[in-house]
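This document starts with one chain, in the form predicted on its own, laid out as structure tokens.
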């Protein structure tokens, strides 16, 4: 496999893990705009342990997950007292604080970043993304997953039924932080270098878009959203030259054509994002859509229709 496609698969795998890291708090009704900060924690934990102590990835990755999870748990108690837009701003501010601390810490390389000696091939983040996906699907099918959905749909009624809504949200936030730490550690070991500019506000916004536009009602949503928004720009890179040639031929233009401007890929991506938000505000993948697509449900409908016709 070419280096280009291994890079794409690596980025896709890390984006899927990050999407699920943000999805878990969102599934309880808590928007998290600080994903990049927690990913930076995991990346720099793995990079520092590998560079300073020579530890291999099988030690640094669990350590990065532990740091991400413990920091998330520690800040979840005061942070989750806020709601709505205030929680979004608080998580965003937290990510900026983490970035500022890393940027001003000489032991972490400061603005120069850190090199990571221990390298991992693309198949490691790919396997990790598959395992994380299976874990989240299993988690959402358990009693804990049902309480997460209940806290999202109506936290007042859920609290009246004896469920600790705050405890559920803290647990989901902590799990999300651990997954973000995993994504950061995989990034560090597969790209062999980390710098704080890679974990900026744009990353937090993109990851949250993966979840919100893919859908927050089922675990399929973040998977589809991350895959769609990661692969679409690369697909447009291939399609746009052909599209420009087709348009030129339609208008009877001859002669050599200059390559299309790369910025048009992101213009098209932005237009599609706005259209998706306008026509599918609940996300592309919803519970009702999954129910309609279940084979057993279609068979049952056919049986009912045959009984009625008979």
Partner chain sequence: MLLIQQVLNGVMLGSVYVTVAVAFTLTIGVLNFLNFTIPTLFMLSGMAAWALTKWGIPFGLSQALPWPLALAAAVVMTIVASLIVERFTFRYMKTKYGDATEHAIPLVSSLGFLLIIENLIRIGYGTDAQRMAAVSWDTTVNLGGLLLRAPQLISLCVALVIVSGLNWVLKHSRIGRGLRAIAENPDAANILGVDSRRLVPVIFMLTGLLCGLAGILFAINYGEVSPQMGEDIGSKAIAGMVIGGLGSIWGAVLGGLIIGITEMMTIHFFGADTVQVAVWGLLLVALFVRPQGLLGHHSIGKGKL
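Fair warning: this is a prediction, and the values are worked out from it, not measured in the lab. Numbering follows the first chain given and starts at 1.
Just so you know, the form predicted in complex with its partner chain exists too; it's not on screen, but the next bit is about it.
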Can you pick the one in 101, 239, 227, 139 that has a heavy atom within 4.5 Å of its partner chain in the predicted bound form? 101
Given that its partner chain is not shown alongside this chain, does residue 82 nevertheless sit within 4.5 Å of it in the predicted bound form, heavy atom to heavy atom? yes
Might residue 209 be said to contact its partner chain in the predicted bound form, defining contact as any heavy atom within 4.5 Å? yes
Going by a heavy atom distance of 4.5 Å, is residue 56 a contact of its partner chain in the predicted bound form? no
Can you check whether residue 26 is within 4.5 Å of its partner chain in the predicted bound form, heavy atom basis? yes
For the three residues 152, 205 and 278, which mark the spot I'm curious about, does each lie within 4.5 Å of its partner chain in the predicted bound form through at least one heavy atom? yes
Of these, 139-147, 86-94, 115-123, 181-189, which stretch puts a heavy atom within 4.5 angstroms of its partner chain in the predicted bound form? 86-94
